[in-house]
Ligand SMILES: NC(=O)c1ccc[n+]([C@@H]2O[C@H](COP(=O)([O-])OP(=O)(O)OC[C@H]3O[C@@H](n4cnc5c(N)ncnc54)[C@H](OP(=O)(O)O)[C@@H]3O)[C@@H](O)[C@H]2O)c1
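Given as structure tokens, the chain that follows is alone and in the form predicted alone.
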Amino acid sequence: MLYLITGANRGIGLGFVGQLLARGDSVVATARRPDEADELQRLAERHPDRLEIVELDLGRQDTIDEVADLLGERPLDVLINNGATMQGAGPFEELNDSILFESFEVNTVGPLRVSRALLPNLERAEGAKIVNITSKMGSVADNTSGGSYAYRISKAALNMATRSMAIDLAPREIIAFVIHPGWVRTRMGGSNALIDTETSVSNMLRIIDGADEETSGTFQEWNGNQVPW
């Protein structure tokens, strides 16, 4: 199977690449600065026939178009929109407009752009899946602490967009859903997070592998629970 993963240079994205290659799948891994993605490059040296590394900046449509050109007419089985930014965790009084706009562009508009550009490839696969990595911080029902406006709002918007995609793409037999990876020990999650990358990714892959029409349009959690919207 062919997977495309955004934000694959570190953390959860890199974890997806490693585990997929280990089980024999093929991967197109994207990063904003591929030349600086040392661990990803080492994986490519070990798996030159099954790993392609390409530049993709979620804020630049031209790089997204270049990835689509690279895929050509190849069927794409699974698109994992993992790339994201987390900024602006301060109080309401310190809300920064530029951080808000950048968060929307990367966390919400970016996955939509990528999904739209690669839709022909997804349509060529049988039972293709779009998996948007979200966060419980984008759950309205789960928000009991406030703050983190840019990240929360952009992830909540991604959740709504994915719900609409699931409905609109159902006639084309494409599944779309969001999944919360847990609080993971990465550069974004920090050293106090509850689970490691291997645990998060292995459990998410189990959910992705088993996803079907009933999964489409849902808000999943890494451990198999459903998250309230």
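Just count from 1 along the sequence shown to find any residue number. Source: prediction; values computed, not measured.
Another form exists, predicted in complex with this ligand; not displayed. Remarks below refer to it.
| query | Can you say which of 67-75, 88-96, 116-124, 134-142 gets within 4.5 Å of this ligand in the predicted complex, counting heavy atoms only? | reply | Looking at the other structure, the answer is 134-142.
| Each of 10, 106 and 155 near this ligand in the predicted complex, meaning some heavy atom within 4.5 Å? | Yes, because 10, 106 and 155 each have a heavy atom that approaches this ligand to within 4.5 Å in the predicted complex.
| Which residue among 173, 196, 57, 52 has a heavy atom within 4.5 angstroms of this ligand in the predicted complex? | Comparing distances to this ligand in the predicted complex, the residue within 4.5 Å is 57.
| said: With a cut-off of 4.5 Å between heavy atoms, is residue 33 one of the residues that contacts this ligand in the predicted complex? | reply: Result yes; residue 33 sits at the interface with this ligand in the predicted complex.
| query | With the cut-off set at 4.5 Å between non-hydrogen atoms, does residue 79 touch this ligand in the predicted complex? | reply | No, residue 79 stays farther than 4.5 Å from this ligand in the predicted complex.
| Wondering, does residue 184 line up within 4.5 Å of this ligand in the predicted complex on heavy atoms? | Close contact exists here: in the predicted complex, residue 184 approaches this ligand to within 4.5 Å, heavy atoms only.
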